[in-house]
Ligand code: FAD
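Take a look at this one chain, the form predicted on its own, written out in C-alpha cells.
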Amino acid sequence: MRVTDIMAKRMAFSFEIFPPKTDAGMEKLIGKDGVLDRLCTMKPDYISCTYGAGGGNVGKNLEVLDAVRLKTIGITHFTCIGNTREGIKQQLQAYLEHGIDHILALRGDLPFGWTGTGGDLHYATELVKFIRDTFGDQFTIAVAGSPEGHIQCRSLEADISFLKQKQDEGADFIMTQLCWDMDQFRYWMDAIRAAGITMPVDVGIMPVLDAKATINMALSRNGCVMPRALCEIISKNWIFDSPFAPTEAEASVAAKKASFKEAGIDYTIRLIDEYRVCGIAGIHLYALNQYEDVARLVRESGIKDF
C-alpha cells in the first residue's frame, strides 16, 4: 500500500517523530508500551521519522523506522548534504532492504556558514531525479512544500517553480512546512494548482504546546508569520525575561505554561478545522515524541475516533 493510494480515497492522517539521542529516549519511544505503541492505537496511515541534515543520526533513524514499519507505513526524511551519489545510493538501498519504500526527499538545512551542500547533489530537485533514475518506482517520493516560501528562496514564485520541477522529476506528493497563516496557505494552494502542480498536499502541523518551542520553530527555523491570535496567546502567558517586570515566582511561571498549553491546544484544533476545508489530502501532526497531548488533539479535533 502506498500513501498516495490512501490519499486517493480519503484524507490521510499521520505523525512525525524523531530519533532520540540517548538509549533511554529510544526505549521510551520504541520500547514495549512506549510512545510509538501508544500513537499507533490511533491507527495512523503512516509515521515519518526525521533525519539529521548530514545523516549523523541515520542509524537511530533506521532503528526507529524498523519499529514503525511493523505497525504502519514508515517514511524516512532524507537529505543530500555532505553525501556522494554512491553514498546516497547505498543508504537508500539499505532502506529498501529494511522495507522502507517511502521517502521525504530534502536538500536539508545547511549548517551555519555553509554556502552549499558539500556533496554531489545541490538541491532537492536533483535528489528526486537521482532517486527516480536510480530506483525507478521502488520509492514513493514526498517533497517539502513551503506555503510562505522557503526562507532561503528569493521569492514565493521561484519556490513554487522549484516545487513544479520536483513534480516533473517524479515526486508523488507534498508534505508542507509549518504555516499558521491561513490566508497565505489558501493563496499558496491556489497558486500551486494554477502552476500545474497536481500532487496531493499533506499538511504538516506543529501542536502549539510550549511558548519557547513555538517561537523557536516559527522564527529560527522557518521565518513563519505568527498570526495575531497566536501572538496574543504568547503575550498573555509571557514567561520570558522582561525589563518591565520583576522576576516571577516558579509557581507563576508554571501556571502560565499550563495556561499557554490549554490555549495552544484550542488554537491548534481551530487550525486543523481550517485546514480540513482547504482541499488537502492529509493531516501530518508533529507528535514531538509525545502521546497524551497529541491524542487529545486528535480526539477533540475529530480527525479520528479511537
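Residue numbers run from 1 along the displayed sequence. These numbers come from a predicted model, not from an experiment.
Unshown form predicted in complex with this ligand; subsequent notes refer to it.
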Taking this ligand in the predicted bound form as the reference, which of 210, 159, 101, 172 has a non-hydrogen atom within 4.5 Å? 159
So which of 94, 191, 226, 153 gets a non-hydrogen atom within 4.5 Å of this ligand in the predicted bound form? 153
Please pick out the stretch from 83-91, 129-137, 211-219, 160-168 that is in contact with this ligand in the predicted bound form, where contact means heavy atoms within 4.5 Å. 160-168
Taking the shortest heavy atom distance, is residue 123 within 4.5 Å of this ligand in the predicted bound form? yes
Hey, in the predicted bound form, does residue 50 get a heavy atom within 4.5 angstroms of this ligand? yes
Quick check on residue 184: any heavy atom within 4.5 Å of this ligand in the predicted bound form? no
Please tell me whether any heavy atom belonging to residue 119 falls inside 4.5 Å of a heavy atom of this ligand, as the geometry stands in the predicted bound form. no
At 4.5 angstroms, heavy atoms only, are 105, 144 and 177 all close to this ligand in the predicted bound form? yes
